[in-house]
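Shown below, as C-alpha cells, is a lone chain in the form predicted alone; questions about how it binds or moves come after it.
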C-alpha cells in the first residue's frame, strides 16, 4: 500500500527531527509568556466559509459525516481560535497570549516546502491594539528561528502595514473605493513576482507604473527606517508614525533590527489582515516564506456576529519549509544533530553478563528509570559483546555491567572506554 501524495511517514529519525522543531517552538513561546491551547481536528465546514468567504474551500479535505453534517479537517487554526475566544473571552485576562502546534490538512498541489499535511506553530495576541503587541509578535517570531540556530544572515522579517499602504496610495492615486484599493493591492502583492511589462499594463487603469510605485515605496520606507524622522513635525497618530514606533521604540531596544526590513510589497490576505503584516524569508531565497502574519482586528467580530470585538494579531510558521532551511544551513543542522544526540532513546544500557543475576539487573534498571534516566537492557539472554554493541548502536553514554562481581557492578563510559567498579548504591551519584 503506497503513501498518499503529500503525506509523510515519520520513522524514528524523522520523528526526532520533527520533535526538535516542535520542542524549540514550545520552549520559546513559553519564554515569551504564551500559553498552549488546542482544538478539534474536525470542524463544521461553515466555520471556514465564514472566515475565508470561500477562499479556502477548494483546498479543504471536506466530507459529509455519518450525521449528514458537512465537515472539514482543519486547514488552519485562526477560525477555531476565534470561535473559542468568542465563546469564553470574559473568562480570561487581556491580552491573551496563546500558542498551539497543531497538524493541518490542505488538499493542494504538493511541492518543495508545501505538503498536504504539516505541523504549524501559531502564536496569537488578543485584546491589545498598541504597536507594542505587534513588536512582541515579531520578536517571538525572530527568536523562534534564532533558537533553531538561524541568524540574521539566514533570514529576514519583511514588515509592512496595510494602513500605511492605504494612506500612501489613497493619496497618491486618489483611491477611495474599497474595490479600487483591493484591485490595486492584488497587483502590488505580486509586483516582485510578475514581469514589469505585465504589471505596468495592469497599473494603467490606476494611471501609474511600477517605477512610480517603487519610488513612493522607497521614500516612505527610508522615512520609517530613519530613527530620527518622527522626532518632530509628524503627528504621532499617523499610521507611518505608529510603524516607526514599532520598529524604533520596541524592536530596536531589543537588538532585533538587524533581522528586520521594511517592505511595502508585502500585502498578505486582503480579506483578512487589517494593519501591520509581515513575512519571513530565507536570505538565500531558496525557500517559500518561512512564516507570516499580522493584525486581523475585525475577525473576532465577524466570527461572533458582532458579539465580541477585540483587536487581534498572530502568525503561523510551518515545519516543512523550516526543516528544509535547517538542513541547508550547516550551523543550524549541527545544532539539531547535537540536540538529537542528547535525546537518544537510551543513555544507560544495563549489560546482563550473568543470566543468574537478571533479577538484580531488573531492580537496578527500575531504580535508574525511577530516577529519570533513559535505560534499556537485553530482554533475552545474549552474549556480552553483542550487548555492548547494542548499547553503542542505541547511543548510550554508559554501560552498567551486572555479572560475576555482584554485589559489585561495573560502570563503563563508552566514548572513553573508562571503567570503574562500584556498589549499586553509589551508581546514581556517579551518573
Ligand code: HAM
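Model, not experiment: these values are computed from the prediction. Residue numbers count along the first chain shown, from 1.
The form predicted together with histidyl-adenosine monophosphate exists for this protein as well; it is not shown, and the discussion that follows is about that form.
*Asks:* Candidate spot 169, 203 and 274, all three in 4.5 Å heavy atom range of histidyl-adenosine monophosphate in the model of the complex?
*Replies:* Result no, not one residue of the spot touches histidyl-adenosine monophosphate.
*Asks:* Would you classify residue 114 as touching histidyl-adenosine monophosphate in the model of the complex, given a 4.5 Å non-hydrogen atom cut-off?
*Replies:* Because a heavy atom of residue 114 falls inside 4.5 Å of histidyl-adenosine monophosphate in the model of the complex, the answer is yes.
*Asks:* So in the model of the complex, does residue 360 come within 4.5 Å of histidyl-adenosine monophosphate, heavy atom to heavy atom?
*Replies:* No, no contact at 4.5 Å.
*Asks:* Does residue 267 reach histidyl-adenosine monophosphate in the model of the complex, with heavy atoms at most 4.5 Å apart?
*Replies:* Output for residue 267 is no: heavy atoms all beyond 4.5 Å of histidyl-adenosine monophosphate.
*Asks:* Does histidyl-adenosine monophosphate come within 4.5 Å of any heavy atom of residue 296 in the model of the complex?
*Replies:* Yes, residue 296 is a contact residue.
*Asks:* Sort through 76-84, 245-253, 153-161, 209-217 and report the only stretch with a non-hydrogen atom within 4.5 Å of histidyl-adenosine monophosphate in the model of the complex.
*Replies:* Within 4.5 Å of the partner lies stretch 76-84.
*Asks:* Within 4.5 Å, heavy atoms only, which of 320, 181, 173, 332 is in contact with histidyl-adenosine monophosphate in the model of the complex?
*Replies:* Checking each option against histidyl-adenosine monophosphate in the model of the complex, the one that comes within 4.5 Å is 320.
*Asks:* Only one of 314, 102, 149, 311 gets a heavy atom within 4.5 Å of histidyl-adenosine monophosphate in the model of the complex. Which one?
*Replies:* Exactly one residue meets the criterion: 314.
*Asks:* Which residues in 82-112 have a heavy atom within 4.5 Å of histidyl-adenosine monophosphate in the model of the complex?
*Replies:* Residues within 4.5 Å: 106, 108.
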